[in-house]
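One protein chain, two forms: both are listed below as structure tokens, the first as structure 1 and the second as structure 2.
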Structure 1
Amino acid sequence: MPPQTRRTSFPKVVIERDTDSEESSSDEDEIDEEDDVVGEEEVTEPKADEEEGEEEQEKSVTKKKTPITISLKKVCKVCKRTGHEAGFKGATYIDCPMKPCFLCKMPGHTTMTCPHRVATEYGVVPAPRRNTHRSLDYVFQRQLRPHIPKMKPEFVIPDQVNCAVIRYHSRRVTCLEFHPTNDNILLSGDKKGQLGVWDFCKVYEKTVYSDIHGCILNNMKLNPRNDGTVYTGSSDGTACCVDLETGISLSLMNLNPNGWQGPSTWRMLYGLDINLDKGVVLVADNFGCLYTVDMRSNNVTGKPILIHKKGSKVVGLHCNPLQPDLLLSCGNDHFARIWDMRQLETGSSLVDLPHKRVVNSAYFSPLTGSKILTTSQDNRIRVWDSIFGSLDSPSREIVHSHDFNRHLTAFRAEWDPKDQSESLVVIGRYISENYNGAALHPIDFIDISTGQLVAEIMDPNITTISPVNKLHPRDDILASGSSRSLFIWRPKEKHEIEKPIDERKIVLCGKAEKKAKRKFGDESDCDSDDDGFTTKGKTVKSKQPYLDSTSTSKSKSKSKSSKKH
């Protein structure tokens, strides 16, 4: 039997913490192997007695007990090196000294001192007037230019929360759409595949259809010819036509009929748009392919066409509002492309617009369709003033904070469809700012003709990020999706004139509603914000309570009864 050693006691472990900073900036503290063990364990092995022959005797083991010292050093999240830390501390973002500025991606300064953080128009030069004699430019001057006003109208900014639904969805909001004919209806989709229909004038009239898709509802478009139906595309590989009144969905296509066969074959639908001129619904998947669905027969027509790099997501599709034959697409291959629907083939794009990173969205301007607005993951909003001119380089690049490293819905700069000058866009901000001690993520209104920040709106109760924002096509209303909640913004001055008393309405859903009932009793309809908006598991109490319509009506009825008595 070979000699063995037995551990009769364990050495003492001493943990030394780095006192330079209070918390470690890494998700998992790394331990240096060089400082793991100070000292060595000396073991003496027993020897067999030669005189006894086959009999072996074990002798006691003697050890020198020395403490093991473990050093917990701070590791940077960005470069994974020790000695410094980077990331968010409240509303402050600390840059890694080994990397360039997180906001503008340029070396030589930090995010706190970045000139683009102080003024978004810093470094933005308006495009010069191009005196071209091309036929397309002549058409633009004769047909489209008269529709653009010579004087820029005054911007109306909805800057006050009018009503909200807290935890309306079970997962984060991914897309928003206003109803084309009913001004009070807002449609929303979430990560779980649910479709919500909310009448924000009658706060409690809301419906959530949970059996339409199996996972993320990435995009949806309402049928302009039939306002009671909506087309949806999901990451489960299905496109559906949903009746808004009944919630009954008709499957238009299923790219995964055999179920899950592995990530290499699973197809997901991202980009979606409707071309009324041709009567088709356009959808695109995560393999770079485009599909067309006939709106009359609800069947897929033709074969899929590869419009982006094979294996890359096509996250956005948009048809030109005045020239339906023009299609704008964008994807994860760092390109936005313009296509002619009459000769749509692989590699037949009219123009390729290169970007440095993933393109989150690309849209034609809503009235004339002559401008292009793109949002890229490199913290840049790019603008092309005319699709009939030179598209070799963008007219302007606006630095804006929307490069995120969390599980969020992608930020997209959206046009204001009511702006006649086609210069106002809205987009949420990723890097938080310190407002009276609270870290808030504002929603920015930017004038893309100059790059100037027109307004930044925030609410002290909304401490989460608002990546999904949609402006109403007819009213001065902004809808924003923040985490699982929906918010409706209206202009402050107009709201104060119509309603001198602040009667903002809010509804708590799910767990928040149960907590409110336990706090106020089952008979109470007043929903406070004690359970409102959470950040990293912490509950943030509201400083100004919201009132729902029911509680307001009850208070009025009580006051009338007291007057009678």
Structure 2
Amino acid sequence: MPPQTRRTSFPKVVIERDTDSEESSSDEDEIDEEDDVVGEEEVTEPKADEEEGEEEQEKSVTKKKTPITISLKKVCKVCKRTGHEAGFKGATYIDCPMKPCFLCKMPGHTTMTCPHRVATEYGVVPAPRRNTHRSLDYVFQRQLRPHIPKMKPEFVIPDQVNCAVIRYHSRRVTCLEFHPTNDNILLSGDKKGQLGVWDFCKVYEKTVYSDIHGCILNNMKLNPRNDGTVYTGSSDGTACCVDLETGISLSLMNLNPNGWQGPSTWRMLYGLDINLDKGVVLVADNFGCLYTVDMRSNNVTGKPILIHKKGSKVVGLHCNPLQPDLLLSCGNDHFARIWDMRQLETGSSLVDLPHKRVVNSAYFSPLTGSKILTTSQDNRIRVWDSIFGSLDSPSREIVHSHDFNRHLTAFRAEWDPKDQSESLVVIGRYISENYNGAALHPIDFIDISTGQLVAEIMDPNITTISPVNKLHPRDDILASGSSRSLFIWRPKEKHEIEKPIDERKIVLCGKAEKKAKRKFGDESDCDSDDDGFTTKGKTVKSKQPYLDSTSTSKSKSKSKSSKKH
């Protein structure tokens, strides 16, 4: 047992007398009074206070002269000081005033009054009417984007859950990918290393492959040339090529051939991407190294290259969609880096993009590949408007709540691959908002050219945070991973027009699921998952989950201006 710290040894409920003073004599009273004032410096208290406190308690109980009241003094759960409280009041979270703003990390105000919350685009420099005279830029723009279309209208932003699977995974979801050709298939990875294949139009048609990885499936990518295979990278140190039909996986590499030799030597794979032009799969580990796997021979080629600080995680890799020679990496060393694939060696990065904290993700824009979008643990989304322009500093920094929490999958801002203007981005939100008395964590759609919150979507049935989000490459569909559950969102209008009513079923989750269970008295769902899932090598097909077409989940898709107070 670790030695108790002084702080924790303090009783949270302070016992005080109604009638003060009299024989109190001991130092304890003084302390109580101090507490009353501002909670002053508990630091000045004597070390033995705990026992003394108990003693006195007994004393006063036995005497019975002075009635005892236990006053629930305001004790802040965050800073442990008295005089104020932090935490949830109903569905509203009150910040500790002693801490810097939880949203923007600046001191002097709390989240409630943070200018970035009151006006989401606060401090964001809008996209300038660019008039660059760089010839390369001109050529690039003319070739690819003769006219820059407007961003997608709001109504095609998915805003309503129309199906979801309950606890499809037995651990939290870590990554999602849509199938490149089959519009209804969603792949999902989880912390346990399992890979899910879900036909979300048939809702209950899902398959889970549980014998591919031993722990966290960090990243996966489908092969667009052969859409039946997916490449996966895991913290177990292996990368695999998986056949989606059979679940048969081929190990491409194993960074821990000698098994567990202690935490300092165990290697894990994080970043992963496919470079079709070069016919390679790129993966990166937690020691800062990049590995190249030849897609034909399924062998690692060349030596690992240190591309980020030695010993630091390389969490993301992304190949430029148009320029096969360009690679973007990001990692725990607070950098995102652009590389030329033709001359990959340590220190040879073309550009280093510094961040204040860990970079959770870095992506080129999906259509032109000319923008860069990063998500960093400093609660900022950064945008570089053109890789052909100056990359000295980001074009915009958008403050957004997506803090690091060890129990959550890292948040990543994801492009909408269908948005011709390459300005619509989706990302889950950490801090909750009070929506009619419920604390919900919305999924935000942000126009990264202005920083404006275009839409915030949530569902009263989804009370958990949704750090993992992916937009469909062709349809107006959003997939979200929230804790162990997966959700599919569609725009209300579209969904209502296209789907016959009896297909508009909502699969309940979380609390609503439990309620439904009681209501229908069914015990047989995929909740007993662990049994099935742990059977190595077996696919688990679960039965039909709870369907409830009556409880239409409502979610709002509103512009930021109508936002609370």
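Definition used throughout: the rigid core is the maximal C-alpha set that superposes within 1.5 Å between two forms. In this text the structure is predicted, and so the values were computed from the model without any measurement. Counting starts at 1 with the first residue of structure 1 and goes up one by one along its sequence.
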item: Chain form predicted alone: structure number out of two; value: 1
item: C-alpha of Phe404 moved at least 2 Å between structure 1 and structure 2 on rigid core; value: yes
item: Core-aligned CA displacement of Arg357 at least 2 Å between structure 1 and structure 2; value: no
item: Large Cα move at Lys99 between structure 1 and structure 2, threshold 2 Å, rigid core; value: yes
